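Shown below, as structure tokens, is a lone chain in the form predicted alone; questions about how it binds or moves come after it.
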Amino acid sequence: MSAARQPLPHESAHLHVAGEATYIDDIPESRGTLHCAIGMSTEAHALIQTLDLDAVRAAPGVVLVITAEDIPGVNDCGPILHDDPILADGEVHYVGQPVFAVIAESREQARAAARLGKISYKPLPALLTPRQAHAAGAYVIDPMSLTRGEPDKALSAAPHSLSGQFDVGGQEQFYLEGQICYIIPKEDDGFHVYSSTQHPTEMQHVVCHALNLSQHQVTVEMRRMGGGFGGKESQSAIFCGIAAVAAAKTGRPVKLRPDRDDDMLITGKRHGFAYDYEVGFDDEGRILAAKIDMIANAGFSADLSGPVATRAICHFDNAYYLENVAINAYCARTNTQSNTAFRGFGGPQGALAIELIIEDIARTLGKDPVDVRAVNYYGKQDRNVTPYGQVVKDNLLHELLPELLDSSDYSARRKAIADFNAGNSVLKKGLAVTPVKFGISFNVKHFNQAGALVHVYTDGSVLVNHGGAEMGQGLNTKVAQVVAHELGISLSRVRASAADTSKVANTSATAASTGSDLNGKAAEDAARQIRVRLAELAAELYDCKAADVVFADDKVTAGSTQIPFSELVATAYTHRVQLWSDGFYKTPGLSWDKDTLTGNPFYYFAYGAAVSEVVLDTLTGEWKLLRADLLHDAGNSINPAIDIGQIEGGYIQGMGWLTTEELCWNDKGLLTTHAPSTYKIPASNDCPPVFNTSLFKGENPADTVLKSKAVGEPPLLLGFSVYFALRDAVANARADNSHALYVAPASCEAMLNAIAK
């Protein structure tokens, strides 16, 4: 039996449950390790007038205090633009921005000393919301615009039209393992960096730039993360930069692990968006024209806001053909944390807008949203080109949606809910179906590459190293399955080692749902080279054609001879056959013109749909998710168990973003929801008692690893259905049966306000 396409356990599951999985803070500390804490700004926007750190330096256990002037190299950790200082230099841009760092003998001493810093400020005007920044023309990058057809003309000629505003908040990544960096100085100005990061190579660059080093002097190692969700793609850089300067100044190992409050105050979130839209449509609900302004809350610096806005533009269409469309995207500069990557990377924010528009069209026409969606879906032979010019060749929604509607008893439940609502004045139910079409690949072409190393040892065991970051999503498990499948051996023979910039260099971030696609293909390439060499040897030894040698079930069959895989490997060593290989992969067929916002930015699309049913208490705003039915396209799944886990987790995380996870800043710019006590992520009790999840049967027509599809980001959009089920319940509670909920998250207060309007 092949190791691939099997629902096998996560490779570290036994370590997770036993508490034996090693995370950064579990690594035994080297002798002389120092600990670092950060002194942060208390102003949203201000000039630093005085910085009195005498009491900090005199505090017990303090070895060193560093500020911006102590950084020997470049004081910047921006991943694209150089506008994001490691430590503030003369000016602060948000409450929580690192200003200085304390290095002490213990973590407790460092944290206590950091609170003793005295900073005086000259306050400057602060912009705290994206609409404020948009009105002021304050942006971190130039606005972007994509137009197809004649939207103004089509809008004026449309039989029906709607316009409105909508606002969706950001989302804290809330990884279980917080940000952490541990740096150990090595001989000859070398540094070994342990970082909980999705992008080891980027952390290598940051440390090198901060210390004026060459990349061969810095090794970044990352075995596993306790979650990332995008929050550790670029934002781990500031912690690596600070720790690196501290380690270089002291010559001793330095660990920097902020507590949860500091972590949330310092780091960026999912971009909140504000929307202004117009749509024209016909009697069937077919969209004839759409115009939208999307204003992203970038925070104080660019970070990854440009690519996030680009992906939002490319996902505004979601599953629907838009012949006449104008999309404008603005990255508003606010005096808040610099927002960053989060699962979906702008795609959810773009797709959410068109789904809200579809729902409003259906409510206006008195139609079932399912029917309005159906008339707008991309076609198979026509109406199949996206606004950015990519042809949708494999739209599965025409088959996937009917299958889900049937398995979920949608029609019968829709009628039952109408009957329930007619007989209940306090409790109201809602039901919604939302589809997903999600493009897979990095927006930037050259990021779509990966490398891997595969070593076969003389006992027949195998070690694979690749450039991807295991953050709990099962990447190492899938890559190991791919290698085992290629060599025809059991998964127990294959071990994945830590991501390490000294083994696989110049890696891309593990993001954009490309982890398995890129690194799996690279590992497959390496393993295949070894298999070909072994097959050639077997053909020579046993008088057959190399093409006829079969590797399966830990055995090698060559003609009439069958031997254990380990025996052939041992023989290969004595015959001086190379038993290790590097592999490389680059995604084919990608193109993108950043000036015209056109091209083929995605290798393929992943599809899915969800049906969600909720009940809402109209007196309190409390609600309950009663049932969820998910059907998702994972292609020919490498590991169905892991994929189903990702689908369900993504759905719940998407639900959390749009319902309970509310980020709040006060009028001074302080994030007041900066701890688990004030920020509500979904818990086990928020999962529905009826939770049906299935994989849509079919392989990926694109030449992906084992014909699979990515499942990291696309399922998050399935959570839209919970939000729209709540909107449905709110509308059902109103006398005019109209939509009135135009904010997300749909907090209890927001829903009560919408009902009372």
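Every value quoted in this text rests on a predicted model; they were computed, and no experiment measured them. Sequential numbering from 1, following the sequence displayed.
Not pictured, yet referred to below: the form predicted together with a small molecule.
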(request) Among 575-583, 499-507, 81-89, 228-236, mark the stretch whose residues have heavy atoms within 4.5 Å of the small molecule in the predicted complex. (result) 228-236
(message) I'd like to know whether residue 485 contacts the small molecule in the predicted complex, with contact meaning heavy atoms within 4.5 angstroms.
(response) no
(message) Residue-level contact is defined here as any heavy atom of the residue lying within 4.5 Å of the small molecule in the predicted complex; does residue 465 satisfy this criterion?
(response) no
(message) in the predicted complex, does residue 43 come within 4.5 Å of the small molecule, counting heavy atoms only?
(response) no
(request) Would you check, heavy atoms only and a 4.5 Å threshold, whether residue 646 touches the small molecule in the predicted complex? (result) yes
(request) Would you mind picking the one in 513, 659, 335, 408 that has a heavy atom within 4.5 Å of the small molecule in the predicted complex? (result) 513
(request) Quick one: from 218, 95, 475, 331, grab the residue that has a heavy atom within 4.5 Å of the small molecule in the predicted complex. (result) 475
